[in-house]
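Consider the single chain below, provided in structure tokens and representing the form predicted alone.
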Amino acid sequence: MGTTQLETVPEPKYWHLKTVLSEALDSEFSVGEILPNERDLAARFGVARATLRQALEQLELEGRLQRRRGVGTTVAPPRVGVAVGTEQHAWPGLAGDVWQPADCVQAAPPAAVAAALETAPDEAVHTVRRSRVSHGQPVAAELLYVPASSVPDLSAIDAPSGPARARAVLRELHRLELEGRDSSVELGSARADDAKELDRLPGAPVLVVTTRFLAAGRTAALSVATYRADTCRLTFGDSGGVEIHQTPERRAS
């Protein structure tokens, strides 16, 4: 592909450049390959380096590029394929669940969570932290909020803290008859704790999947799962489940 001069277009120049760069990534570069430096790229496409940086930043947000300190800008691998919420009548933690429990504490949840659980603002609930890894990289972090009333027989003696405590909360939760669940998805920004766990910078774009588990006519548990927006793509099927599929393989030169 020869030198490309951008024509006058109604959209921002950096956005048009992003499209041109994306086509070049598909046809000329392979996964993991390092891009030429900004000066050479700006000269090739006939744009200012500020315009080029905007386009590169957008491609990074979309998961097409990765910026690695000491290496440069490289072509990112295809997005990781994982499944979310495919079982409409299953509690978290049952056989086949890919989430790994990391910890469990008792503390008052955020106000919005307390309202959803219909607990008092200062009432402590069990907060189970779980993580999810796919293809060797972290893709999601979850906080599962469980009111004490949902697990009345939980024994602190058997599982005082850590992953064992988290598994104990989940086991007790399974004693309830699940009546249904509903989920919502929205774009958010990574909080400091989630960013560290997901190997992202605080404020990085993430996909937040909130799931409400219903039992005995009330919200028995609430899950807030944070997915890396640069590696995950959410699609919705007729069954009502939410799935993340791997994008088609990118062509390599």
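In this text, rigid core is short for the largest set of C-alphas that superpose within 1.5 Å between two forms. Computed from a prediction, not measured in an experiment: that's the story for all the values here. One-based numbering along the sequence shown.
From this point on, the text means the form predicted together with the DNA, which you will not see here.
Using a 4.5 Å cut-off to the DNA in the predicted complex, not one of Arg171, His174 and Gly180 places a heavy atom inside that distance. Not displayed here, the DNA is kept clear of Thr211 by more than 4.5 Å at the level of heavy atoms in the predicted complex.
By the criterion of a heavy atom within 4.5 Å, Gly72 is counted among the residues contacting the DNA in the predicted complex. Proximity of Ala192 to the DNA in the predicted complex: non-hydrogen atoms within 4.5 Å are absent; the residue sits far from the partner. Of the heavy atoms in Val47, some are within 4.5 Å of the DNA in the predicted complex.
Stretch-level contact check against the DNA in the predicted complex with heavy atoms at 4.5 Å: of 24-32, 47-55, 183-191, 211-219, the positive one is 47-55. Counting a residue when any of its non-hydrogen atoms is within 4.5 Å of the DNA in the predicted complex, the one hit in 196-213 is Leu201.
With the core superposed, Gly72 shows a C-alpha displacement of at least 2 Å between this form and the one not shown. With the core superposed, Phe45 shows a C-alpha displacement of at least 2 Å between this form and the one not shown. Positional change of Pro36 between this form and the one not shown reaches 2 Å or more at the C-alpha, relative to the superposed core.
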